[in-house]
Structures are given as C-alpha cells and as structure tokens.
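We begin with a single chain expressed as structure tokens, specifically the form predicted alone.
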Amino acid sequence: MASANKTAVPGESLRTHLRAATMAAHDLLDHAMQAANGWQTRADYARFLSLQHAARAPLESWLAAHAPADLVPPPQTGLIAQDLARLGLPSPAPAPLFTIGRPGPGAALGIAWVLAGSALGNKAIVKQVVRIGGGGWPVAFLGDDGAMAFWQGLRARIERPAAPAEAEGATRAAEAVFAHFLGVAEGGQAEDAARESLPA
C-alpha cells in the first residue's frame, strides 16, 4: 500500500499529520467496507459485525500486550459478540495475529488512533443501522459510549505536535492497521463470492 510522507511538518499536530499521511489507506478501507456490507439486509449487517470482530480481536490482543494503559481503547470485541449473539450468530474466528515487528516510538499511539477514531464513524453508521433495521438490530458495538470517551481523551494528546520519531512510528502503525482491516474485509468478500458460486 503506497503511503504519503511520514515526516511531520514542524508545528503540525499529530492528528493533522496522521490524517494526511493515511488518507489514501483510509479511503481504500472505507470503500472495501462499504462493498463488504451493503447496509441493506440483516445478513449484510451480520457480515459487517463479523468482519469487525475478526479484525479487532488481534489488534486488541496486541494493545493489551504492548501498549501503556492510557493507550488501550476499551475492548469492543465483547460488544460485537453480544450483537452477533442477538442476531443468532456465533463470534467468528479472529484474523491472523497482528504484528508490526518490534514496537517503536508512537506505535501504540497510531493503533489506538485508528481504533478510537473509528468510533466517530460508528456514530454515523448506527443511525443507518437503526433506520434500515427498523430499530430491531442490536447496536451495542456501534453505540458504545466508552469508545467515544476514550477518543475524546486521546484528542488532547494528538492535537499537539509530536517528535519526528513518534510521528513516523504512529503513521507506520496506523497504516499497518488499515492494511490489516483491508485484508480482513477483502478476505470476507472472497469468501462470500465463493459461497455464491456454489450450486444450490
């Protein structure tokens, strides 16, 4: 995946830097996730939740093992499992182990930024889910206030300039997270295509 300039501009906030440096990766993932769910049926929603659970489980494990406590967002796989159970589905197997090699400065911050920032998108998505599902689909994950609270706390940290090494490390880690989610989403689409090609 091609990346933008990872060198922070002097005086630029880390948040501004991360958004600019990962914009292409973020857009690519958004497109893949939209294609993966469609937002029209209960099965579409269940597929979205399954992809989210599979992708987030190894990321949450990585953060628990490597990140300081103030950079560990509230785990959300339990909430996703709860939603899937209410839809009558089991939790999927997690995606392959997430790794970025030896963690350097900013790595945990970059991963936390992606996961916490997704809570903003979830607040928009939950409105669609409630509308399309007629209020009958579970939204413990999408409506999680804990993720939003963590994001608000993280903002104060990322809206300040960061040291060059921390900015570069955060960018590389964030890109790795986007690539990880993209791999899970594309794998899910491939599985769906294979099932659709089977004879009835």
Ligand code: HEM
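Keep in mind that what you see is a predicted model, and the values were worked out from it rather than measured. The first residue of the shown sequence is 1; numbering continues from there.
Heads up, the form predicted together with ligand HEM isn't pictured, but that's what we're talking about next.
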| message | Checking a candidate spot here: are Ala54, Pro92 and Phe98 all in contact with ligand HEM in the predicted bound form (at least one heavy atom each within 4.5 Å)? | response | no
| note | The stretch from 45 to 53, 161 to 169, 61 to 69, 129 to 137 that lies within 4.5 Å of ligand HEM in the predicted bound form, judged by heavy atoms, is 45 to 53
| Should Ala85 be counted as a contact of ligand HEM in the predicted bound form, where contact means heavy atoms within 4.5 Å? | no
| request: Verify the contact flag for Phe150: yes if a non-hydrogen atom of it lies within 4.5 Å of a non-hydrogen atom of ligand HEM in the predicted bound form, no if not. | output: no
| Does Ser118 reach ligand HEM in the predicted bound form if we count a contact as any heavy atom within 4.5 Å? | yes
| field | Partner contact for Val114 in the predicted bound form: ligand HEM, 4.5 angstroms, heavy atom | value | yes
| message | With ligand HEM taken in the predicted bound form, which residues across 15 to 29 come within 4.5 angstroms through any non-hydrogen atom? | response | Arg15, Arg19, His26, Leu29
